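In structure tokens, one chain follows: the form predicted alone.
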Amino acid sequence: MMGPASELICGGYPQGTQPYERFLLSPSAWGQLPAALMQEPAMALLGIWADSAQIHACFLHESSGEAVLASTPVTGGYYAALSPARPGAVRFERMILELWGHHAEGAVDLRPWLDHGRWPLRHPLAAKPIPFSGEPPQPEFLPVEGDGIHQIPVGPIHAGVIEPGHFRFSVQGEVVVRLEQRLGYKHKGTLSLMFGTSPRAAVRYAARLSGDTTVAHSWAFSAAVEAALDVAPPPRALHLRALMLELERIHNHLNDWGFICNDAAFAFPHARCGFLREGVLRAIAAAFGHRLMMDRVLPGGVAPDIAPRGAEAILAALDAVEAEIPALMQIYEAHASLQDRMVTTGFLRPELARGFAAGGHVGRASGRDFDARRLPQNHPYPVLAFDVPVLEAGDVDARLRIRVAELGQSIALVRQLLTNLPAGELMAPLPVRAGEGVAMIEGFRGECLHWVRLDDGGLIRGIFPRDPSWLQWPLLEAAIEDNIVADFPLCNKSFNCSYSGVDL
């Protein structure tokens, strides 16, 4: 049964997007959308983006897993903001203003986000960008009032070898009253680089949106192109994609498990997880010729094929991981000092996880049961056996336990995929024609959402790659409140959001 927002969107003009329809709404109908969304809380917002003339949004019906897209023309540089009804819209609206120059009327927050005043042009993706001159503006942070409040600025340059990002802590004693992030330091002009190129050329940029998620983003982009062109990759290619995706999940979850313990000054799990991850990465390199499997997933299929001894190397590495997981978990649970740092720290309320449509381990550790692998179009997962672990505790410990449970599920999936790997071709040809497609692929952080529009020459005329971190970064700000400053590294690593993935 559809609610007010669903009925409003589906009353628009269908645009032929595959596999989820995009409906074009008049500006007046779009203006009614925030109120309708307030009456339909189960309608999750997955992302908002733009082109030079229109605003686009993607929504998910939580109960059915079906997505729907809505668009509206921008009139006079303005459109109705969705942030009063969906808090996850805030950073998208800030990004749209800086890249395209479209103002979200009634927005909750339109402070600068990606543009730090260092670009030669303002609104670089607008029909008519504006040359920029003058001094870069100082960043703006929300005020905090109270006795003894002081601020601690951290970053964008950090002590470790990590991506740049600025964190502004408002602190009372040792307790964090408010945290605000300022990102954008990894802005690469990804959308500009992809615009006007062929899908086979643009997939290289999707693969580099966030290097630790190269398989998931490459697959999401490729699947969106394939949906737009009505192309079905060969079964062997789809199985190899799933194999690579699960291996990507495994090596990242091992890495995060170790680093979370390391941020609590417990070095042994960090060392062992790093050792096990290195074994997995070496097996991946032996199987696919690249430790991270970059540029292996392409529109139409995959290239190259798995090496003749690749399956053997992968299974041996995973046997070693699986054999050590019980002992590592026993050590993790047996040290009271470690448990004291993890349990109840960085609590994310389930209603916040639902309100921001948080995916991956962040959402599932706080009770949100969504996994894009269960979508019927994401072959070969519908014929594979796996469980999706979900917990309610919502703290650092729960996010670690979700990762460990997913490790076991992914190892089992890899064995299924290698046992049932079909023979056949690796690539399907791509026709040169217009089309529009959207896809969601479950990366290790959550679902990667890609939208692609192609012109008659098969070139990209509209593009938006959305990393799951867009909807997780704001939740980190909420999770750290009322915790001590010293626990921020634990909270931050338990989320492990991507900087590059949202800096575009």
Partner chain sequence: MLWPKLARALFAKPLTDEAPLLPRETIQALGERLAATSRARLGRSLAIREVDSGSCNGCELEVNALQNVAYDLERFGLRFVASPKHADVLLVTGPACLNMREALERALASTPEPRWVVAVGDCAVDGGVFKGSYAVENGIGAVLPVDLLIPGCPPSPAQLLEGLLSLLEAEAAKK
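Numbering follows the first chain given and starts at 1. Values in this document were obtained by computation on a predicted structure and should not be read as measured data.
Unshown form predicted together with its partner chain; subsequent notes refer to it.
For this session: Work out which of the listed stretches, 208-216, 79-87, 356-364, 234-242, brings a heavy atom within 4.5 angstroms of its partner chain in the predicted bound form.
Result: Only one stretch passes the 4.5 Å heavy-atom test: 208-216.
For this session: Tell me, yes or no, whether H290 is in contact with its partner chain in the predicted bound form, where a contact means a heavy atom of each within 4.5 Å.
Result: Residue-level check for H290: yes, a contact with its partner chain.
Exercise. If you check in the predicted bound form, is F141 within 4.5 Å of its partner chain, heavy atoms only?
Worked result: Residue-level check for F141: no, no contact with its partner chain.
For this session: Decide whether G160 counts as a contact residue for its partner chain in the predicted bound form under a heavy atom distance cut-off of 4.5 Å.
Result: Residue-level check for G160: yes, a contact with its partner chain.
Problem set entry | its partner chain contact at Y381 in the predicted bound form, heavy atom, 4.5 Å | Answer no; every heavy atom of Y381 is more than 4.5 Å from its partner chain in the predicted bound form.
Problem set entry | Position in contact with its partner chain when the complex is considered in the predicted bound form, options R111, H103, R204, R415, heavy atoms within 4.5 Å | In short, R204.
For this session: May I ask you to choose, among T72, S170, N255, Q181, the residue with a heavy atom within 4.5 Å of its partner chain in the predicted bound form?
Result: For this set of options, the contacting one is N255.
Problem set entry | Partner contacts in the predicted bound form for 107-144 (non-hydrogen atom within 4.5 angstroms of its partner chain) | Result: L114, H116, R118, W119, P120, L121, P124.
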